[in-house]
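Below you'll find only one chain, the form predicted on its own, shown as structure tokens.
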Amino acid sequence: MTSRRMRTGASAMTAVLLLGACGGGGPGGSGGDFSGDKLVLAVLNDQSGVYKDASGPNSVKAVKMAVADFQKKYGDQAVVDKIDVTSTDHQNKPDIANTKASELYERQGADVILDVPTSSAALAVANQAKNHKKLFLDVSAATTALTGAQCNKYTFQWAYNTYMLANGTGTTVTENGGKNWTIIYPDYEFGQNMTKSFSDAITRAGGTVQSTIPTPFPNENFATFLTKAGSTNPDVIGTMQAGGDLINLVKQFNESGLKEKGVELAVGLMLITDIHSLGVDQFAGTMFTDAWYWNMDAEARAWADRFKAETGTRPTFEHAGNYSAALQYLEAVQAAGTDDADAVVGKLEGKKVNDAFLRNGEIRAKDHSVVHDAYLARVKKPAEVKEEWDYEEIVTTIPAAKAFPPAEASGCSM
């Protein structure tokens, strides 16, 4: 790794925005305390595949919003003047994510990598963060392994995990009469971890998972898997798919006749872009657990209005989570007066946070899980929708202490 960070401007895979290039120096200066005389924030995610709408290019814009807000807040008092935001596509493949992460840390001089949907890809990036002793703020991957068995000092899980999703949806649907479940899941780390978390939650609530059915990832045709699930005569089919895969499965479920036979569909992970893409009528009445909703309160809406002005669309919780992670990283750098990873980690650990995304947030020092309030939501019926993107009703708030597993249960050893 070079002693000074250099940007390979000819790289076709990377789009770079240089922000705040004016010279000068805040209290810490932009010299010896910052390698390369600047900060580099890198967004690594799916730019063109099944998770593009959930996160994708608009997460890059959310991170740029955080940089702009940080620079507006501190002005000449900022400890660093130059901040780059760079992005690249990992195509939801762990081997590509592994290579890209190494390149970002070494060649692009990234101080922090953000986002990284697809749990298998995120685990690869976490390993690179550990090896390079650079930060990784996971926003879009949900596996509990990131803050459990495969935790490390430089990785934080910012927005949600499979326990949070299962503890809300799996528990509630079971307690409301959905006792017998069949789970359909994408056969990679996220789907496997989701299936385990949901199975545990369903069992604790007095239900039974009678069958689990793996599917390829990504996938377009779920007809065979839905027929197999229906043959088990479940009360509930739980789908652990997300993004484009979820849209395909829900559409085919609605065409399968299973709903008319009294089979309920429970969605493990859903984002507002999924509802928008397929139509609110296709999801009406569906209960699910959300990490954040753009119209849940005045503060969320105000930020969502700014986001819409930048992008032309409403944000998912992953977009808001990336904004929050980038902003709190920059605040930690400001407090540390340096981009030294160990110093920044020290400023993040144990911090209590309320911002545009986090409500009652705490960055736990023991396992680097960012715990916060979560929300049990219901998809509105078409007649209840008052404006475009007004698709969710927050049924109840799940307090942070209940939404996430206790730190001592994580299995994390730094």
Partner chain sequence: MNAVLQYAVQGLAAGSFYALAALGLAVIFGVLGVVNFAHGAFYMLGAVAAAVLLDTLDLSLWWSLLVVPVLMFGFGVAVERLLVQWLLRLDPLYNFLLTFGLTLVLVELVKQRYGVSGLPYELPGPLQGRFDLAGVVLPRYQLFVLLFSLAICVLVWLVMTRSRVGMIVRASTEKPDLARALGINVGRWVTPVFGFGVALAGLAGVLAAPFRAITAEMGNNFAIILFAVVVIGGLGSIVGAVVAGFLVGLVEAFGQAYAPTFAQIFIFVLMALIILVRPAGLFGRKEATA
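Numbering follows the first chain given and starts at 1. These numbers come from a predicted model, not from an experiment.
The discussion below concerns the form predicted in complex with its partner chain, not included here.
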Contact of R306 with its partner chain in the predicted complex (heavy atom, 4.5 Å): no
V40: touches its partner chain in the predicted complex, heavy atom cutoff 4.5 angstroms: no
4.5 angstroms heavy atom contact with its partner chain in the predicted complex for N248: yes
Contact test in the predicted complex: D355 vs its partner chain, heavy atoms, 4.5 Å: no
Interface residue in the predicted complex among E260, D342, D297, D76, criterion: non-hydrogen atom within 4.5 angstroms of its partner chain: E260
The unique member of T313, Q150, Q71, N219 whose heavy atoms fall within 4.5 Å of its partner chain in the predicted complex: N219
Which of 233-241, 328-336, 277-285, 194-202 lines the interface with its partner chain in the predicted complex (heavy atom within 4.5 Å): 277-285
Contacts with its partner chain in the predicted complex, stretch 221-252 (heavy atom within 4.5 Å): N221, A223, T224, F225, T227, K228, G244, I247, N248, K251, Q252
